[in-house]
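For reference, the chain that follows is the form predicted on its own, supplied as structure tokens.
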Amino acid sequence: MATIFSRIIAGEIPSYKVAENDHYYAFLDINPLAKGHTLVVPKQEVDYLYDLDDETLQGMIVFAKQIAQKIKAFSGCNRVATVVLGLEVPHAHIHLIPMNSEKDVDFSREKLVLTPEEFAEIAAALRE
């Protein structure tokens, strides 16, 4: 059975796409810690990031780097955190989160509530 991320990639579940190529897909997290919080996933359905073959993992990091640069420019943050976290979806993924302090990457804190229009505007800005 396909993971929710595979279903998002296939277009079965809507997402706010930030970037895509033949191997990777990036979209806004719908429960973001900050505006611009993005998930980067390989199109290949593999449960754990470090179970990816070296070439796929390397490509994913380079793909994520390009998006992180756009997030930094969009948000004006000091850094973009790269976080590997989560057991709920058995599909390798990286969180890219704008941050100005380590507190900005605390997943236990309250998430932002954004409108569909806000999500769409952020995704469009990150695609530029």
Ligand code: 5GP
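Nothing here was measured: the structure is a model prediction, and the numbers come from that model. The first residue of the shown sequence is 1; numbering continues from there.
The following text describes the form predicted together with guanosine-5'-monophosphate, which does not appear among the structures shown.
**Student:** Going by heavy atoms within 4.5 Å, which of 62 to 70, 49 to 57, 98 to 106, 26 to 34 lines up against guanosine-5'-monophosphate in the model of the complex?
**Tutor:** Looking at the other structure, the answer is 26 to 34.
**Student:** Thinking of Ala19, Pro116 and Ala120 as one candidate spot, does guanosine-5'-monophosphate come within 4.5 Å of a heavy atom in every one of them in the model of the complex?
**Tutor:** Not a single residue of the candidate spot has a heavy atom within 4.5 Å of guanosine-5'-monophosphate in the model of the complex.
**Student:** Contact between Val80 and guanosine-5'-monophosphate in the model of the complex at 4.5 Å, heavy atoms?
**Tutor:** Residue-level check for Val80: no, no contact with guanosine-5'-monophosphate.
**Student:** Using a 4.5 angstroms cut-off on non-hydrogen atoms, would Ala125 count as touching guanosine-5'-monophosphate in the model of the complex?
**Tutor:** Contact with guanosine-5'-monophosphate, no.
**Student:** Using a 4.5 angstroms cut-off on non-hydrogen atoms, would Val40 count as touching guanosine-5'-monophosphate in the model of the complex?
**Tutor:** Taking the distances in the model of the complex, the answer for Val40 is no, it never comes within 4.5 Å of guanosine-5'-monophosphate.
**Student:** Taking guanosine-5'-monophosphate in the model of the complex, which residues of 72 to 100 have any heavy atom within 4.5 Å of it?
**Tutor:** Sequence-ordered list: Leu85, Gly86, Leu87, Glu88, Val89, His93, His95.
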